[in-house]
Ligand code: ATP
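Quick setup: one chain, the form predicted on its own, written in structure tokens, and binding and motion questions come after.
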Amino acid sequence: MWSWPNPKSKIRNPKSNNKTLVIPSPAKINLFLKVVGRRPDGYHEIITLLCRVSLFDTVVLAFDRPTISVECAHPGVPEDRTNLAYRAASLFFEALSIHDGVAIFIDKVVPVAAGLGGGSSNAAAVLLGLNHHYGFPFDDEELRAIALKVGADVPFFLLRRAAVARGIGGDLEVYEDLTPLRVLLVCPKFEVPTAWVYKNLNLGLTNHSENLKIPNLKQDFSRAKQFLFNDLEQATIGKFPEIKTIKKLLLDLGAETALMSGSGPSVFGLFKDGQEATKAIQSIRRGARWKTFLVDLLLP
């Protein structure tokens, strides 16, 4: 059902069978992110354009286990109930009214706490894998309802399409007006907790119109790219000016636009010209200051 995306993975024998499933778990970027306001429950209402990119973790599910467990070699990934993948499995079994277990192995390639949605993607991979293994007991809408209980970005990864998300993430609309672009991801070596960013966000500075008319990025990207922004940058750059440095560097190296993804600190540059993108990543890697990845938008 799923292909093996990462030939250098530390997980061996990556073949799915009736006792295991191997599932690619892609990262995402936010091509724009508008904060509309804060809800009484503390969550923030947003409008954001999300697209998956070809940078993958790999999630392996091993069945016939008495309990739920999570194993990941990355020191920044919890292996207990606080892991979103664990929570996804727990909520799936609860919704199915069974007490089964599953061992979840995560080969972590997507940087952690970097604004790339790695944890949410892992959780979505677990839900997709479990739903497949148990014979699809939940339809798409039911599975999204479970996903939203796990985390705001998890329903997006179930959709497996570019989408505009509204509210706290559960209101999704497929977006088809993207053009294939190379994406140069630059990831600083510090982490930025999402909760900290929203806590320190000055809503008075998020002055983009709430009545956003989403342009067609496929027809006229050169003009429409002016629409790409991220309201969360003002909070994150205030504490981490290195993000502003990376944005300027990407633009100087020929990116059509450069933007922080999500709550950061990852920054991406969009390139129409693949050769120019390759030259840009080679230039940045000579400095050896940041993790870099040259990937593509995952489009239908």
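Note that the structure is predicted; figures quoted are calculated from it, not measured. One rule holds for the numbers: they count along the sequence shown, beginning at 1.
Same protein, other form: the form predicted in complex with the ligand, not shown, and the subject of what follows.
Engineer: Between 162, 143, 114, 130, only one gets a heavy atom within 4.5 angstroms of the ligand in the predicted bound form; which residue is that?
Structural biologist: So the residue touching the ligand in the predicted bound form, by this definition, is 114.
Engineer: State the residue from 137, 76, 101, 180 whose non-hydrogen atoms include one within 4.5 Å of the ligand in the predicted bound form.
Structural biologist: By the 4.5 Å criterion, the partner-contacting residue is 76.
Engineer: Heavy atom to heavy atom, is residue 166 within 4.5 Å of the ligand in the predicted bound form?
Structural biologist: The answer is no: residue 166 has no heavy atom within 4.5 Å of the ligand.
Engineer: Verify the contact flag for residue 82: yes if a non-hydrogen atom of it lies within 4.5 Å of a non-hydrogen atom of the ligand in the predicted bound form, no if not.
Structural biologist: Yes.
Engineer: Does the ligand come within 4.5 Å of any heavy atom of residue 90 in the predicted bound form?
Structural biologist: Although the ligand is absent here, residue 90 would stay clear of it in the predicted bound form, with no heavy atoms inside 4.5 Å.
Engineer: Considering only heavy atoms, tell me if residue 186 and the ligand come within 4.5 Å of each other in the predicted bound form.
Structural biologist: Flag for residue 186 set to no.
Engineer: If you look in the predicted bound form, which residues in 266-293 sit within 4.5 Å of the ligand (heavy atoms)?
Structural biologist: Sequence-ordered list is empty.
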